[in-house]
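One chain is shown next in structure tokens, namely the form predicted alone.
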Amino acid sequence: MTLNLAESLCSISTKATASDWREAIRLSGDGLVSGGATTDEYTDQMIAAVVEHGPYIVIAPGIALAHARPSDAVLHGGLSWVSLETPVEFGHPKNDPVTLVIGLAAVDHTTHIDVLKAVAGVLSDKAVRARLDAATTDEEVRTILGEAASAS
């Protein structure tokens, strides 16, 4: 059974504004913190991972999966969803600019893989992606993701 992204989301922010990739990741981290999934330290770890390893988190055109290794800064698993009003460059040669940052707080490697599969499954559907890109409320995002999970 595929992970239901709608049920895993602890925060949603639509049409957010970020001046650069660090701020975009910080917005996703703030969502994880406000949702009780992580501490602020985890947000710093997500940014440090990109500084150290480059924009590997930009997993598909326009989509970044912001995350760091499981650590004590992860209180429980969760996801944050940040759609950006204006695209942001992360420095990825093929998948920039980014319009969607999904923050991932995982307690283990298996969860990370499950989330990647779920994200790929949902966002590879162009009609679903277009609906998500146009969504302006938390409820719209949850509804679309819930419908997509039910259809798979």
Partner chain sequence: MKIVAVCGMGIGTSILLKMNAEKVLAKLGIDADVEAADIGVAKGAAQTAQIVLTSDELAGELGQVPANVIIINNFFDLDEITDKLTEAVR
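Positions refer to the first chain, counted from 1. What you are looking at is a predicted structure, and each value in this text was computed from that prediction instead of being measured.
As for the form predicted together with the partner chain, it is not shown, yet the points below apply to it.
When contacts are defined as a non-hydrogen atom within 4.5 Å, all of 104, 120 and 124 contact the partner chain in the model of the complex. In the model of the complex, residue 26 stays away from the partner chain, with no heavy atom inside 4.5 Å. Although the partner is absent here, residue 36 lies well away from the partner chain in the model of the complex, with no heavy atom inside 4.5 Å.
Residue 85 falls outside the set of residues with a heavy atom inside 4.5 Å of the partner chain in the model of the complex.
None of the heavy atoms of residue 99 is located within 4.5 Å of the partner chain in the model of the complex. Taking the partner chain as it sits in the model of the complex, the stretch 125 to 142 never comes within 4.5 angstroms of it through any non-hydrogen atom.
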